[in-house]
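First, one chain by itself: the form predicted on its own, in structure tokens.
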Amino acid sequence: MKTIILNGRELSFENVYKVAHNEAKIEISEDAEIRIKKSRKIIFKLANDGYPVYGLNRGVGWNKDKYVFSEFFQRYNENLINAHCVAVGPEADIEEVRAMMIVRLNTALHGSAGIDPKILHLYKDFLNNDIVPVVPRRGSVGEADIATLSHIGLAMIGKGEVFYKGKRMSACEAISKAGLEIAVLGPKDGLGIVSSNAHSAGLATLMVKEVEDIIKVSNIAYCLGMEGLNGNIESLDKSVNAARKFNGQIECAAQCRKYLKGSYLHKPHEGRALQDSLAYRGAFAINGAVLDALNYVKHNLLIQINTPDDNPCVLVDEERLSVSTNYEPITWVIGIEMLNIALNHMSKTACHRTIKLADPSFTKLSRFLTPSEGNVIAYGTIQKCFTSLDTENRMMANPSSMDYFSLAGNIEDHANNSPLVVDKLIKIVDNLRYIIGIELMHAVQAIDLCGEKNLGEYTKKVYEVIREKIPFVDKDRCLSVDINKAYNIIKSGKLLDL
């Protein structure tokens, strides 16, 4: 199994994904080891000198004016963990919690949190020994995910539940089975564990690949639908898209040209429309906008997972500590909101394309792509399904980052709801798998009805994969079965593996 070396500065989306799916182990770099040990010495010096520090010898939130005596550091920090465990279900997936843990460990390796190196090694040991805390996914307002990440700290002090090698048990039992020791918390450890954006950032990082994949699959479905429609592909021209200079549009047009290489659509056809409807003519440009939004998110999310987000922030090289607003993730959170909106344009145009594939005025084929009008209904009612999913997507694209209260005695008067924003992204992408799956079902049915066999080199392979699982609709059957098959084809990644 691959080993990934963490130093706090070079964590990639790919490596988060590998660790989240238990495909790699992790180690901490030598320079990071030196940095976190030096940071811990700074914390103890501040504690011994009686320097007032938020979360160290002073309370947190509204209790920032309450003194914490050194002899009570362990009790106070355990109390902080327990008191912050206020999240509610449903529970995060195992892969999601693992992503949270590697993101938090990496950001903490800057030394800015001042966490005991033994606790940081416990993050590593939990991941390498497949100990995954049970974490409820709702309850954080996003201004550091304190309500949810506290459940990871709870497991580290031997409380709560975990999954150990996939089996659910008490945290204390799992730690014992793995030959580890329960964490003993010292100054600032509790705050360092709970106060970061690792919940929302971890989940958002996992979604990078999912969104990249759904963009490609949407381009595939568009191309296959064009072959079923006998569409005009002139708008894919390399030069005309280069003139526009939008990177996403240029890249998606190039993908579609690749998918359609060798297709009959490159040859003149007497019955072909001069220009197709906008949902077909501009589908790749709309998907390009999704890609542009994703690239904004990727740029800022990489900063998030490779920089410290602690308050207060230990500046190790300067051997001092400063009040910080580095826990504020709004830059990339509003990017996720933009991405959710962009994905809704993808969703809506996919629905419009699918509706048009069932309309004889566009395809010159039968109504609802039936093989026998009057005898077989075919896709007569399936439009209710995918349009209802699009309605869900529209609801989830409504921005949520501005909806917050002023909390903790009006001290915490800004938030961003980042876990909710990311959770909606997850649901939108999952709905899109169904919507685009249904679009693919229509596309292959249209191709069969028009009798055109000269498909693109790539679209032909996609056609064959779909037809291997979903046969031609020659008579009415339960289409929910077909829809789930199409969803699973997309979810499996098989279309991209081609």
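Every value quoted in this text rests on a predicted model; they were computed, and no experiment measured them. We number the residues from 1 along the sequence you see.
Not pictured, yet referred to below: the form predicted in complex with a further copy of the same chain.
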Exercise. May I ask you to choose, among Q74, S176, N82, S170, the residue with a heavy atom within 4.5 Å of a further copy of the same chain in the predicted complex?
Key: N82
Quiz item: in the predicted complex, which of the listed residues (L229, A378, A155, L425) lies with a heavy atom within 4.5 Å of a further copy of the same chain?
Solution: A378
Quiz item: Taking the shortest heavy atom distance, is Y327 within 4.5 Å of a further copy of the same chain in the predicted complex?
Solution: yes
Quiz item: Should D116 be classed as touching a further copy of the same chain in the predicted complex when contacts are defined as heavy atoms within 4.5 Å?
Solution: no
Quiz item: At the 4.5 Å heavy atom threshold, is L224 in contact with a further copy of the same chain in the predicted complex?
Solution: no
Practice problem: Tell me, yes or no, whether D317 is in contact with a further copy of the same chain in the predicted complex, where a contact means a heavy atom of each within 4.5 Å. | Solution: no
Quiz item: Taking C252, K364 and Y463 as a possible spot, do all three reach a further copy of the same chain in the predicted complex with a heavy atom inside 4.5 Å?
Solution: no
Quiz prompt | Option from 117-125, 162-170, 366-374, 92-100 whose residues, in the predicted complex, bring a heavy atom within 4.5 Å of a further copy of the same chain | solution = 366-374
Quiz item: From first to last in sequence, which residues of 242-279 have any non-hydrogen atom within 4.5 angstroms of a further copy of the same chain in the predicted complex?
Solution: A243, R244, K245, F246, N247, Q249, A273, L274, Q275, S277, L278, A279
